[in-house]
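Next up is one chain by itself, shown in structure tokens, the form predicted on its own.
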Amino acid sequence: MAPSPTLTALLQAAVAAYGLAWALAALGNRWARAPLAAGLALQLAWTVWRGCAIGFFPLTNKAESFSAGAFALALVALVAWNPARPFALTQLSLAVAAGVTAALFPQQLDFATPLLRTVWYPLHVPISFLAVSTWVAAAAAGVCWWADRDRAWLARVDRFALWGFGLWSASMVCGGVWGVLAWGAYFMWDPKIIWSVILWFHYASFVHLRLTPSLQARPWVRPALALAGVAWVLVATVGTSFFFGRSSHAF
């Protein structure tokens, strides 16, 4: 079903607001946070409108999936706002990229299949996007540490990595329950599920590194692993949906 032009314009306006926030952050303007908040409000309206139109949480196609990713990235960027250019631009760049990708995909309204019509699906997917966005914030803090070697950024790297790990763990629990309802199994040898487990072990190890005495004199390890984690995230989210063959989790 084709959406109304106004609905499509809402998403485009939200992406434009994120782009304005990125430009202002690049200039070091303290007003960059305002268009970011406006973009979130516009995208929330787009999400609610589509949800009401299909009678379900709007996570049924590529446009809605990338839009949810952009919303989560922008939300974490707003909540964890810091005017440092590397920190803000790292998060906003990915939010803009996800938003533009969502706007480029077909905007048709798709109704949820029976496999999706459970509370566990709209819990599993948004929580996973929030986890990924928090890990992006950890990587952004790592970029800032590489830029000025201020140890305060290390604390942010650790905090965001831990929060993301907690959210990802909750997402995996919800996903496991949904898997039983949808396919009759908690785990399958599916590319996205395998990479989700890899991500879990990466960050499970990561959050313990600051407690390792032999690494106390190597502060660069955690920022480096935070940056590597974003690469694994891209493989787990985008790569498994478009480049790893057929997956039951493909967008």
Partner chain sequence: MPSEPEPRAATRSGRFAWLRSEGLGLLCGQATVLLLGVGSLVLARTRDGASAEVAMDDLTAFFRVPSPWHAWLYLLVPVLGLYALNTLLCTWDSVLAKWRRGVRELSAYAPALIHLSFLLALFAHGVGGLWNREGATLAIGPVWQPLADGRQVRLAEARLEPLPNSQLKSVEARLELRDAAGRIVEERLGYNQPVSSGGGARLLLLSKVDRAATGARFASGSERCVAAEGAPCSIAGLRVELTGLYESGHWGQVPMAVVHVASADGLDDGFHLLEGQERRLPGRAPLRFERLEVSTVVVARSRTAPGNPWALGSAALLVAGLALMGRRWVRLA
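Residue numbers count along the first chain shown, from 1. Keep in mind it's a predicted model, so treat the numbers as computed, not measured.
The form predicted in complex with the partner chain is left out here; the points below concern that form.
- At a distance threshold of 4.5 angstroms between non-hydrogen atoms, Phe87 is out of contact with the partner chain in the predicted bound form.
- Of the heavy atoms in His202, some are within 4.5 Å of the partner chain in the predicted bound form.
- For the chain shown alone, Ala147 is not a contact residue for the partner chain in the predicted bound form, no non-hydrogen atom being within 4.5 angstroms.
- Among residues of the shown chain, Leu44 is not one whose heavy atoms approach the partner chain to within 4.5 Å in the predicted bound form.
- Checking Ser93, Thr101, Asn82, Ser169 for any heavy atom within 4.5 Å of the partner chain in the predicted bound form turns up a single hit: Ser169.
- The chain is drawn here without the partner chain; in the predicted bound form, the stretch among 106-114, 126-134, 93-101, 71-79 whose residues come within 4.5 Å of it by any heavy atom is 106-114.
- Along 161-198, residues Leu162, Trp163, Phe165, Gly166, Ser169, Ala170, Val173, Trp178, Val180, Leu181, Ala182, Trp183, Gly184, Ala185, Tyr186, Phe187, Met188, Trp189, Pro191, Ile194, Trp195, Val197, Ile198 each place a heavy atom within 4.5 Å of the partner chain in the predicted bound form.
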